[in-house]
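You are given structure tokens for the same protein chain in two forms, set apart as structure 1 and structure 2.
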Structure 1
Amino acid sequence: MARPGPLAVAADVVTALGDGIAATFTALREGRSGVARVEAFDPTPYGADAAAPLPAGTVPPPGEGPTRVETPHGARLDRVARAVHDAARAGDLPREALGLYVAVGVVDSPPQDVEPALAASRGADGHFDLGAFFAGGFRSIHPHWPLRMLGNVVVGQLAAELDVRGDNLVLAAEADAGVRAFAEAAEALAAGAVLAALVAGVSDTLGPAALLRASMRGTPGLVLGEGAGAFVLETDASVSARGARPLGRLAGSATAFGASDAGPGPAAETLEQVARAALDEAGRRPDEVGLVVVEGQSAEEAAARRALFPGRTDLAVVAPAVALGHLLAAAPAVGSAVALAALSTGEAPSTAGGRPRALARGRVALVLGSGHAGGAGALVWEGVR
């Protein structure tokens, strides 16, 4: 018999469709999209013209949020992590018993940080001169500048703000890392290393560098989004002792690596492997899955789905990236929040323009995630309604 996985006692997201799970889930059910043309800069040199930016006012401007982190990237992470931390009343637990497991996207340097160095490194023709840069132009960059691009610095500041003193881990930078963050938290809880675990994922910040990376991945039509998601997971004993009300259970998880020969991302066999492994850990069969949350970016993913669920016509398939943009490291957390909302309401939104689909009681949700190099992961969620 499968060992019961940890319970989720709080969750929150911020996406291009709204602030919070309810706003995002309602917008998905209504068929709305947060994808729009990039207006802040010309995106065409980077092979894109559309992205899913956050709605205005969702993330506090740098320096105005409740955190010392001075980037929108850190502000998004702080917003959702603080919300679930407070919602779970994790302060009732010893600070050393709280763990923090975060998947972060690539943190790009704000252009204004290097503008003085570029201006000081112009050659005689007025263009950037690499020799002039190393001869002295680089001295115009603040010595702490590299720290702003390290994900563990962002997460370390968050841990200090929340007074989380237990086991911690930072992973990067795509959806396979987002799945692994949940898996590491579940393993720590099962081993007794922590009593509660805060698990979060945060996307890249939209900008020229992020769009350039997306174009270099070689995935046609990839639209990036901005967003973040966070959960608090606890053991059954901790939930019972605190009288907390769980949202759902992380019943199984698995990760693996196996690159596709056809293009970026994992092979169909690798995705099928992690899905079956996660279901095995949960003690569930593929025919007990009622909802699959996918990325919707590759033929390999579609092939894996067909192999897992041959001939199924009653399966709800949701691709949040269609409406939110691809959230990379944040995708599994946001996808898991959508999955739990669907299991709770008994209805899955359609991201293909159709009507929401009813979910049978007792079915589980499977969340898939992958990285362009070949990493793959799967999460299995059970509802508690």
Structure 2
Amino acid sequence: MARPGPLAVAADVVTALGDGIAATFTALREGRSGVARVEAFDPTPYGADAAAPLPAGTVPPPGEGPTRVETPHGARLDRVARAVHDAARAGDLPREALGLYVAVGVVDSPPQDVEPALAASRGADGHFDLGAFFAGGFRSIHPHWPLRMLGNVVVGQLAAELDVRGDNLVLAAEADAGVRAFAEAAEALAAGAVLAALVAGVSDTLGPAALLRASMRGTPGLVLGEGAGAFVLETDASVSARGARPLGRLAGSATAFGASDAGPGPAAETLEQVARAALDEAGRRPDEVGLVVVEGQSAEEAAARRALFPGRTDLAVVAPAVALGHLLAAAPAVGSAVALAALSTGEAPSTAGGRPRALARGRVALVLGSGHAGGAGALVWEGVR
């Protein structure tokens, strides 16, 4: 028997197409794209020339506070997490009853943090000398460098600033982790560990390091995006007690592992397996699904979709990455926000250059997420009346 999953009572995103769900969804409906030629640096050595960065000013740039750890991924997390925390009036909850579950992309060491130490660690021959580095050159590394490397520190910093004292988890590093963050929150809520859960996903930071990683992992040309998404999930009882207005229900979630033999990412069978498991948990059948949010990156995913929905011509399929770039750990949160907006308006944006289309049936959306190594995840969202 299906158990009722938690209700979403707040959601927000920042993407290349805008600040907030409405801006992003409207831009997707209008067929706009945030993908553009990379101008901030020369991308050609890395085999990619396009990406979908956040527009300047979408989130405050990382500062240089004396004690606060400032990073680009921390700034994006702050922007969306504080918004949903406020929107959900999560500050009214007992502080131990609010959990925080965040999927974070790979956090790259800023070379400029380390460059002074390289310059200060030369041997007699003028070249870098490890003994000189250990003897004192390392002291020229930026003092916040160690904490910037720990992707969890900005999560802990957020918790301290919002006084969140409950259950928590930080996961890495791609879209399967983004799905897992929702699943962890749902399991914690079902177990009674918290009354409400702030769930967030934060992408990698666009820069040479991220493009080098994509090229070294056999995915040159991957169009990376930059963004973040966050939700507050809450039990039915807590929503009723607090009078919150639900946006939708996370009715099911599942993750599994099974690498494709044909290339990066999970096999079609693995994606089909997680989708069926998430639908089972939701007590739903595939023919009740009206919308699928896909990554749109692999033939395996397309094969899984065909196996799940054979002969369906009325299924709306949305691939936000086409317009937003691939958001990796943030993709499931952003995809979920797009799904709830579509369920709410009854209309799915086209991400294939066509026109928006009305959702033909059902108020159920399936969101898929994958990891490069073979992890797969699925979320099932139900609209609320």
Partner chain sequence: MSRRVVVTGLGVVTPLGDDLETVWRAWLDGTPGTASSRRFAAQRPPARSVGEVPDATIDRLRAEFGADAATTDLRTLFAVAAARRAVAHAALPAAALARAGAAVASGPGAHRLEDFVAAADEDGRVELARLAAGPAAVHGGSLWRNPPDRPATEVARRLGLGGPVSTVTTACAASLQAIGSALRAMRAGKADVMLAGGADAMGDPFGLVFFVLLGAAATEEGATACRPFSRRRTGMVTGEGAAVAVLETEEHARARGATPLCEVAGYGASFDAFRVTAPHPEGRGAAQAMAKALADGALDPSEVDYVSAHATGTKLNDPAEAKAIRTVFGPHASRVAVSSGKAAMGHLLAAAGAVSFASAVLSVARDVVPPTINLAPAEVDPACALDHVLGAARRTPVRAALVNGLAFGGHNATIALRKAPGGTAS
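Note that this is a predicted model, so its numbers are computed, not measured. Take the two forms, superpose them, and find the largest set of C-alpha atoms that agree within 1.5 Å; that set is the rigid core. Here, a residue number simply tells you its place in the sequence of structure 1, counted from 1.
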item: Structure, 1 versus 2, that is the form predicted on its own; value: 1
item: Post core alignment: G136 C-alpha displaced by 2 Å or more between the two structures; value: yes
item: For H127, CA displacement between the two structures after the core is overlaid, in Å; value: 6.7
